[in-house]
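Single chain ahead, written as structure tokens, the form predicted on its own.
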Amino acid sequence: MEKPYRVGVRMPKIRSKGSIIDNGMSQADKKARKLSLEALEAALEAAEPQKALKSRITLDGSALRVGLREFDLKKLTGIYVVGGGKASGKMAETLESILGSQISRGIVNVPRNSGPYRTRAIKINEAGHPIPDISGMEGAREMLDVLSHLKESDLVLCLVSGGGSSLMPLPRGEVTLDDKQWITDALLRSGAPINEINTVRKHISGLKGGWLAKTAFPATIINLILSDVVGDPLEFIASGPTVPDSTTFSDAIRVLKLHGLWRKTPPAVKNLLLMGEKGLVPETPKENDEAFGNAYNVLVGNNRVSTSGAYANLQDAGLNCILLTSSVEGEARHVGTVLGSIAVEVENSGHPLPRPCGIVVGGETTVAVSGSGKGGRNQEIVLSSAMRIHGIEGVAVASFNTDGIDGPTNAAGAVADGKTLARSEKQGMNAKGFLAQNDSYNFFSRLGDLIFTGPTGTNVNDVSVIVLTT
């Protein structure tokens, strides 16, 4: 048997860390910035896909254990790997390091330019994100081709992580790729939460919403999931390709109407959804479908794991700490105001923690784009926070997306302290104006306070940290 090669574990650090720390105007500010960035780096390490996957999969002779289930490789006809997402490339590497030539065939879709990845049996197919493209569609078709002739004695390992919905597009019926691109862009710009976005995407897809599991039946399918959805609802992570769908065509229509998109929706999408609502097109597979009797889901990582890593780092640094929540949602600028207000409360009353302290928050916010600027939800959180913490000494608010890409930018997030507004005013920048234009990227770029990591190979939502030093 071919000996599996080893995968080196190396998570990207914050490349701009040194310059961000140096931007602090006092030693107390520099310290707060340093501690906040180190906490974010710890959050990345905790969300490492290799570590997460190896804790769930072991091979002892011919005994393969995946989660709570065990398989005898001698009784399996073949092992097949499919999937997609921002962490799926590293998950594929790790899987090959465990199984080697036991893998019969595989393909996973990953974001373009996120590699390189070292795999042999598993094809790495680069595709577009967040807007789906033809490469992603061709990869999705190949996945269904891999699964369409399997037997009951076959095992499928599905590697799913955040970004999978965009990376595995397979238009259903008369819907075209152009239609899916329009729907994805419009929903993202509308500020709709991910559950609503994926409700629509599931109903115009031939792969998501349980259809992948339907294709793989009667083979056994194990879905290995790295969650990027608040609360970890499995059917909404990458739009649940192997999970029963509880939503309906009517729900998808309601979402488009709720966000003022129904009248502009492409005719083929409208027609499909209306036909489905009338029962003329099959609904997505539901819980009673026989395909799910052979489908099992294993959650290998989520935002709670990542925020816990940040919390532990701050605690080890000697700070009074609290992990406030890993489930924050809402408009980014409003969440930023709340985070800044918490820092103000610590400054004024010593609550909820006395200095020195660190407060960790995780989840995923949204941005309803109304301006013509450039930015991401984490950058908006920090810009909004900066307006509340103005004038406080030794404070920092840092927020980033664990995948390393915040919105349509090359930054992961940003950092602000109590002197950020004063520094911006010296450069003739008005923070409120930049926020109104959704132009947080250019605001922090001119200050040198953008967080850069590059693609991290993981994706478990966002992490925000508030630090106040003594």
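The structure presented is a predicted model; accordingly, all values stated were derived computationally and were not measured. One rule holds for the numbers: they count along the sequence shown, beginning at 1.
We do not show the form predicted in complex with another copy of the chain, though everything after this point is about it.
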Margin query: Even though the partner isn't displayed, in the predicted bound form is M137 close enough to another copy of the chain, meaning a heavy atom within 4.5 Å?
Written below: no
Check: H334: heavy atom within 4.5 Å of another copy of the chain in the predicted bound form?
Finding: yes
Margin query: D289 versus another copy of the chain, in the predicted bound form: is there a non-hydrogen atom within 4.5 Å?
Written below: no
Margin query: in the predicted bound form, does S153 come within 4.5 Å of another copy of the chain, counting heavy atoms only?
Written below: no
Next item on the list: Choose from 127 to 135, 324 to 332, 213 to 221, 236 to 244 the stretch whose residues reach within 4.5 Å of another copy of the chain in the predicted bound form, heavy atoms counted.
Entry: 324 to 332
Next item on the list: Name the single residue among H259, R388, K270, R172 that comes within 4.5 Å of another copy of the chain in the predicted bound form, judging by heavy atoms.
Entry: R388
Check: Heavy atom within 4.5 Å of another copy of the chain in the predicted bound form: which of N113, S148, S372, N348?
Finding: N348
Item checked: Residues in 338 to 352 with any heavy atom within 4.5 Å of another copy of the chain in the predicted bound form -> V338, S341, I342, V344, E345, N348, S349, H351, P352
